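Okay, so here's just one chain, in structure tokens, the form predicted on its own.
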Amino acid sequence: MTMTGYTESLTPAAAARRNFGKGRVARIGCVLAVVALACLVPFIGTSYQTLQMTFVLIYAIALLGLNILVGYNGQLSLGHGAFFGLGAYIAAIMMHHFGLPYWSTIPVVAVLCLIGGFLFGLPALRLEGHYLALATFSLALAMPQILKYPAFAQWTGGFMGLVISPVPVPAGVPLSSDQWLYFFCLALTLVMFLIGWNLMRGRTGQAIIAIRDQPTAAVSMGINLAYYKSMTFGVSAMYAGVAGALSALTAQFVSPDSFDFFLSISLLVGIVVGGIATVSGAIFGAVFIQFIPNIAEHISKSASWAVYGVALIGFMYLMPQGVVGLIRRLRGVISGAKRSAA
């Protein structure tokens, strides 16, 4: 039997499995190619470009956490900049006041922000839609004022903020400080994305999505609505906190005004541009919120936010389902063209 005849004799189920296997190999290859390209960034770009790409990785972590909450679970948050700032200040306080190494701040920030997000999610269970958005909005507005409060100024630095020592390069590693910090953030980004990907593919992810789509049916199936919604909020806050800690290490400085309400809005814009309820969309959204404001300022310093708004409208008009949605549509068109040609 020829190879053509064997292919034509496949059952629909076998053909589907074969196509799935090919798609999986292609996705793995694409991920490896992206990671390999990311590893080249510090060696082909300037120090400033490396710094910019470090912030892309940081924002990608925060956007993935927010997308788990908003996209996959359906809870709208306008206050994740507060958890971003909380993580940054926890890391800064640990390093500035206690002299702890930078790497030790990450697990502490992750645990504390997970607990903080979970506790915030408990009373928010009674709120949905725009009511929950207003509750998180108040959190975003309150956080900078709390950080400036005189009673906490001895720890937070008040209006002046805190200065952090540069991240040291391990002995024997032939990298600059910027390059080492980039690879540290890249490694954490890969870990956080792997955790998020596995979480959403497992039974927990199915429960989270079921609560978004059919909460009544989810409860009837035995899913603990209160637990999963609060835990999703906690996991999302953990991602934002880890990203905030990495931003503090990268900027070597934290101040209350760095974590205002606009940061929360930027994160929300990022998940919409990248693609709601997608894992890879966090990367595209991070690129948008890191580079588009700078490009807009280069185009017009006096009307940079007008340019930013026009760019955002253009993105939404051309890609209403985000960048990932556009890629999926193009992939579908290409696949359809190949089947038609065959």
Partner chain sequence: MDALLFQITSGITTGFIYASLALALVMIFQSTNHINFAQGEMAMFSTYIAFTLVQAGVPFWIAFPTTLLGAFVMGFVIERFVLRPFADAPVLTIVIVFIGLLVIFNSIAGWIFGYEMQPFPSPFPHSWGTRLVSAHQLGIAVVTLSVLAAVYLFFRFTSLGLAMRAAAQNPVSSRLVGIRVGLLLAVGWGLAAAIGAVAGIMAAPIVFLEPNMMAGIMIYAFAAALLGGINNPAGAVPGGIIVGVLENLAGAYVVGTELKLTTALVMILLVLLIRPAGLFGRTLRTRV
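Positions refer to the first chain, counted from 1. Values in this document were obtained by computation on a predicted structure and should not be read as measured data. Between two forms, the rigid core is the largest collection of C-alphas that superpose within 1.5 Å.
Missing here is the form predicted together with the partner chain; even so, the following discussion is about that form.
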| property | result |
| --- | --- |
| Heavy atom contact within 4.5 Å of the partner chain in the predicted bound form, the stretch among 25-33, 313-321, 38-46, 287-295 | 313-321 |
| Close approach of Ile276 to the partner chain in the predicted bound form, 4.5 Å, heavy atom | yes |
| Touches the partner chain in the predicted bound form: Arg203 (any heavy atom, 4.5 Å) | no |
| The partner chain contact in the predicted bound form: Ala226, any heavy atom under 4.5 Å | no |
| 4.5 Å heavy atom contact, Val56 and the partner chain in the predicted bound form | no |
| Interface residue in the predicted bound form among Pro150, Pro101, Pro166, Pro107, criterion: non-hydrogen atom within 4.5 angstroms of the partner chain | Pro150 |
| Among the candidates Ala251, Leu199, Leu175, Ala135, the residue which, in the predicted bound form, approaches the partner chain to within 4.5 Å (heavy atoms) | Ala135 |
| Check all three, Leu51, Leu186 and Leu188, heavy atom within 4.5 Å of the partner chain in the predicted bound form | no |
| Stretch 269-308 - residues with a heavy atom within 4.5 Å of the partner chain in the predicted bound form | Val272, Ile276, Ile299, Ser300, Lys301, Ser302, Ala303, Trp305, Ala306, Tyr308 |
| Core-superposed comparison between this form and the one not shown, Leu330 Cα displacement 2 Å or beyond | no |
| C-alpha of Phe315 off by 2 Å or more between this form and the one not shown on rigid core | yes |
| Gly45 and Phe315, C-alpha gap in the predicted bound form relative to this structure (3 Å or more) | farther |
